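We've got the same protein chain twice here, in two forms, each standing alone as structure tokens: structure 1 and structure 2.
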Structure 1
């Protein structure tokens, strides 16, 4: 009879993957991930059948964490600008506070290793965000643009803001506000 899988070992593998992917990129070998987790490489494959499976499960875990961070206290009934600023602030704050996780999720989001099914699953629970984005894009300069273009613009500006804050921490407030104002003006045409 097979031994039950340990949630602690699985978590250790995912934490090691975050650390090493943030440092070395997606090509980091599974042997290094297992070593940092304090687990044999063979045991890694008990928890994750392939490296691709590990990356897909890691992506989902990180997306769930980002979603919880962004949406658990989402101000559903606030004005559009307040809701947009809330999402902006929560995403940028996550990227700064959890720089390794931010680096990894950014890499995984453009990786060919992430399956379409994983991408679909990763979007579950973001309904309030999607509704807000659609509401924003009903006005201003982006009103005739595809939804995917608008969300890519939002993510690009948030990611650029996080990168500038990381490079210039003494000017964090300046870049944080300037990034949001640039996005808000693009959306509203102000």
Structure 2
């Protein structure tokens, strides 16, 4: 449980993994990851027992980063719309600014290497967001749905928006706004 090993190397490995997976997919050899991280092939396995472990920890780390980004300075006391827009902006901005990390999360999400346990862990800590969604629901046609439906909907529209902007970067602002409006209408419409 103790982790006496150098955290720098661990981070270097994860960073290398992000870069390489974004470029070449989940099948990148561990040896390549180690080399890009400036670490020996064998040492990778003192930081991560198996490749699968590396992938799971990477997934968690990225999800944590995304969540921190969205929620650490979340304006709890602002108006509903301000808060919703805040979430939207932080997530979409992250997806655009860190397209490699975004891609990796996407790849890992559909892969079969992420354990249930990891998935569960990655979904914790979104209380503020759930609350927000519930508040939004109150006004509209989705009022009887569980908040999880709302967050899934939000996530799906944010992802769609990020991917659409990736294809049409010159009109980023326009789709950024349009996406949010669509979300707002979807959830609050009656």
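Quick caveat: nothing in here was measured; it's all calculated off a predicted structure. Here the rigid core means the biggest group of C-alpha atoms that line up within 1.5 Å when the two forms are laid on top of each other. Numbering follows the first chain given and starts at 1.
*The form predicted alone: 1 or 2?*
Only structure 1 matches the form predicted alone.
*Per-residue C-alpha change between the two structures, residue 45, threshold 2 Å, rigid core fit*: For residue 45, whose C-alpha is compared between the two structures after core superposition, the shift is less than 2 Å.
*asked:* Rigid core superposed, CA of residue 90 - does it shift 2 Å or more between the two structures?
replied: Where the cores coincide, residue 90 shows only a C-alpha shift between the two structures that is less than 2 Å.
*Please say whether, between the two structures, the C-alpha of residue 79 moves by 2 Å or more once the core is aligned.*
Yes; that C-alpha moves by at least 2 Å between the two structures.
*Aligning on the rigid core, what is the distance the CA of residue 139 moves between the two structures, in angstrom?*
Here residue 139 registers a C-alpha shift of 4.8 Å.
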